[in-house]
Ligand code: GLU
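The data below hold one chain only, encoded as structure tokens and taken in the form predicted alone.
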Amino acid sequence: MTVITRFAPSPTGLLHLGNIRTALINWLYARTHNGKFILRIDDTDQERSKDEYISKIKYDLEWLGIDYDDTFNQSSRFERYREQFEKLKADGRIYPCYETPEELERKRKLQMASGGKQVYDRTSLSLTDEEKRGYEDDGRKPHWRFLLQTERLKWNDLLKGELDIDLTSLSDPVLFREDGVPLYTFSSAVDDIDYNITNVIRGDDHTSNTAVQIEIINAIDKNRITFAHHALLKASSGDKLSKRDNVISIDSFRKSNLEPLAILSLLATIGTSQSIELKDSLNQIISEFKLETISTSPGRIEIDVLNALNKKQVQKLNFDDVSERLKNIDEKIDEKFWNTIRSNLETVEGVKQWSDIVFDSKLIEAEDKEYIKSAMELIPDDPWDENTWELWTTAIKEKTGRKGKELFLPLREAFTGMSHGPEMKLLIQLIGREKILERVKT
């Protein structure tokens, strides 16, 4: 049997690290089993779903390297949902309810006050045809609930082991709203059947929902899906991740020039028994993936760790890996420039600061003018090579008696305007004798 997994985001906001982690786990599980990975857009809520978010979801996945074998929008399948609705209706598994939200809230408060279970009381099951007509004559439209028949539902979860959910503690779920729009619990079950999904891997906030969906699937067709529920990621503060938190959206990371492999390396190892480390490639992430290593305890996202992984990734990049990106930053950047500067970068785009330093003729006013004046009197003739800096600073030391930081730091600051950076023996070759003479003001 071919393994088929799916990722089912709703296009109501930007994808964050938690969303992408679920997508990555499903993608890796499919790829390690030579299976299929499906992207399902859960856009039945037409009021909140936006085309711009659909585009961004697909772009985020493409940018990260998470490809999918098939994709569809739930909004294109309303007719199919209606067919299955009629089937359940004919089988007596769904029933119309006419309570308003206010009436339902009143019932809930009464149940709470009496110490009873806060579940729907199923009074709509005993409505007569005359009572239903009366509600509809008053302008009420029914919402439709699924009749749960199993008291306890058990299944073997690939991550959590044997799970046992008491369905009597849950209300009969609403499957269709008053306006005829199917809710997630129903449309997801129908899609998983129709697309032959074999494995649903998602956050453990869906655990009780899974029990309901298994019952719905069994009412439509025999359940053949294996479920796995992973612990959710949390922000470093311990708070739950939210689509409204743009700080950890994939879009924000892309705009901050983080590398896809750094993000995937973090998500592939956070909340697992593996150590968090930068991977060499997507192929390595695939080859090392094991579902059973995922912990049942939530992992916390530390942005500092992600930035550290990104820095390491940038400093490993060869010139050929980034040459096209570098052209867009500054066409004068060549391989020698990149190899000199990359060890000081946290992002590829950070090279712009150094191209400005190397190529611009902006005057830098030295603080220790007399010392810099003495140094400039000893500036070597062209051509410059890796020995030039040592020969120059040795001559300066002999003339001024300075050594260590007092010798080198004023020179770096006078030539670059920075107190840190690449080795000066390499950097002065990029800047060149003529540029240094133009730049230094004593």
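In case it trips you up, residue 1 is the first one in the sequence shown, and so on. In this text, all values refer to a predicted model and were calculated from it rather than measured experimentally.
In what follows, reference is made to the form predicted in complex with ligand GLU, a form of this protein that is not presented.
Per the 4.5 Å heavy atom criterion, ligand GLU in the predicted bound form is contacted by stretch 37 to 45, the sole one of 37 to 45, 389 to 397, 52 to 60, 374 to 382. This chain lacks the partner; the member of F359, Y135, Y195, Y184 within 4.5 angstroms of ligand GLU in the predicted bound form by a non-hydrogen atom is Y184. Residue R202 is the only one of R77, R202, R300, K312 with a heavy atom lying within 4.5 Å of ligand GLU in the predicted bound form. Contact check at 4.5 Å (heavy atoms) against ligand GLU in the predicted bound form: none of G13, H16 and R254 pass.
Ligand GLU is not shown here, and in the predicted bound form it never comes within 4.5 Å of any heavy atom of I4. Using a 4.5 angstroms limit between non-hydrogen atoms, S188 touches ligand GLU in the predicted bound form. Under a 4.5 angstroms non-hydrogen atom cutoff, ligand GLU in the predicted bound form lacks K160 among its neighbouring residues.
Heavy atoms of K279 never reach within 4.5 Å of ligand GLU in the predicted bound form, leaving it off the interface. Along 203 to 217, a single residue, H206, places a heavy atom within 4.5 Å of ligand GLU in the predicted bound form.
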